[in-house]
Structure formats: structure tokens, C-alpha cells
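There is one chain below, alone, in C-alpha cells, taken in the form predicted on its own.
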């Protein structure tokens, strides 16, 4: 019986990773990378990109705060809380890196000015808002299911496009910025795999994790599309329009 439960987690982790890696093979962020490699990436577009990413990392505090309230320490060993704390710390570090680069480039002079800038406004009726609220709703589920949905879903996609940015961006400072985030993001995927393999031991939890991972991947891809459109100055998404490929016209 124990062997079958252990195999359940391992099988689920492998399945979620495979599905997320397929979604990650091409994302809307590839259109941004193509523009940068073609020398058609302006300073304002770079500001827009970092502003969108900074806003998402900043709003993740709202998500993780809700999740932290729902961790039952009697249900999981201390390692689970430690890994969750490390992930929050990593996200905070990346958020500060985006902010520091914006200030270093002098697109704004102070962090106070950045908070007031139109590029970083968080709108609830947006793809960004939908993704954040999707993650926030995971507070209703146990930590093992949350981590499965995020770390083996959107985090896999985030790692993929971050790797492409780190390897192919021509701007040296941006290359260094995304390169510095690879190890942390990769560790989140590995943490997700470990926790799914170890702590998803019920068929009902596995089914929930599959469904929620599909939803989080979908909403994260929509966030990436919204970001790419904004960065490249494309027309806003029309009602009923769904496109999540690199060619986002």
C-alpha cells in the first residue's frame, strides 16, 4: 500500500512536469525576446517589461500571505514550512532586483515614484489580476496541492522563458539579471517535485492537483500574453480573443 501511495506522487509529479514543459516550449515572452534580439527593443519597452514583472512579484506577497495562514504544521514536517519560507524569500529577492534595475536605469528616480507610475498599476479586471486571484484561491486547499499547482505549473513555464532570456538577451545588464534568477526559479520547480512526490498520497488530492495546475498554467500564460502585448505596444486583447503563442498579433 505504501509503495502504491509513493508511486502516486511520483507519477503525478512527472505528469505535471511533462504537461507544463509542453506549455513552456513556446510562450508570448518569445515575441519580446525576438524583438530584443532583432534590435527593436527600446528603453521604454524594457521599462514596461521590468515594471510588469516587478508588479507580479510584489503582488505575490498577497498570495503567499494567504497561504501562510493555512499551513498546518501538525500536518507536514518542518521542511515544508522551511521550503515555503525560502520560496517567499526568493520571490522577494527577485522583486527587489527588478526594482533596483529600474532605478539604476533612471526610468524613475525613487521607489516612491515607481509605485505611482502608470506602468505598475495593478488592475483587478486584468489577466494579471485573474492570475493572482487564481493563486489566492488556492488558500482553500492544503499546502501539498497549492505547491503542485504553482511549482509544477507556472513555475515550470517561468523557468523556461527565463532561461531563454538569460541565454539570448543581447543587453548585458538584462542578461545578468535573468541569469541570476535561474537557480532560484529552478529550485522552486525541484521543491515542487519533492513535495508532490512526498506528500500527495491520496487519489482525490492528485485529481485536485491536476485540475488546479491546468487552471494556474492557463492563467499564467494569459498573464504573459497581457505582458507581451503591453511591452510591445500591441493592441489590447479583445473580448473573446485567446492567443498564447509567441506570435501574439
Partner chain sequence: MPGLRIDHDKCTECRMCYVACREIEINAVVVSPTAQHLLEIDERCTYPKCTVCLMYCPAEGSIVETGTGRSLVPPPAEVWTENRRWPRPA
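In this text, all values refer to a predicted model and were calculated from it rather than measured experimentally. Positions refer to the first chain, counted from 1.
Not pictured, yet referred to below: the form predicted in complex with its partner chain.
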Please pick, from 97, 87, 162, 128, the one residue with any non-hydrogen atom lying within 4.5 angstroms of its partner chain in the model of the complex.
97
Checking 139, 168, 71, 176 against its partner chain in the model of the complex, the residue with a non-hydrogen atom inside 4.5 angstroms turns out to be 176
Counting only heavy atoms and a 4.5 Å cut-off, does its partner chain in the model of the complex sit next to every one of 144, 187 and 198?
no
My question is simply whether residue 109 lines the interface with its partner chain in the model of the complex - judged by any non-hydrogen atom within 4.5 Å.
yes
Any chance residue 27 has a heavy atom within 4.5 Å of its partner chain in the model of the complex?
no
Although its partner chain is absent from this view, report whether residue 81 comes within 4.5 Å of it in the model of the complex, heavy atoms only.
no
Contact test in the model of the complex: residue 42 vs its partner chain, heavy atoms, 4.5 Å:
no
Please identify, from 117-125, 154-162, 131-139, 97-105, the stretch that has a heavy atom within 4.5 Å of its partner chain in the model of the complex.
97-105
Can you name the residues of 40-58 that have a heavy atom within 4.5 Å of its partner chain in the model of the complex?
none
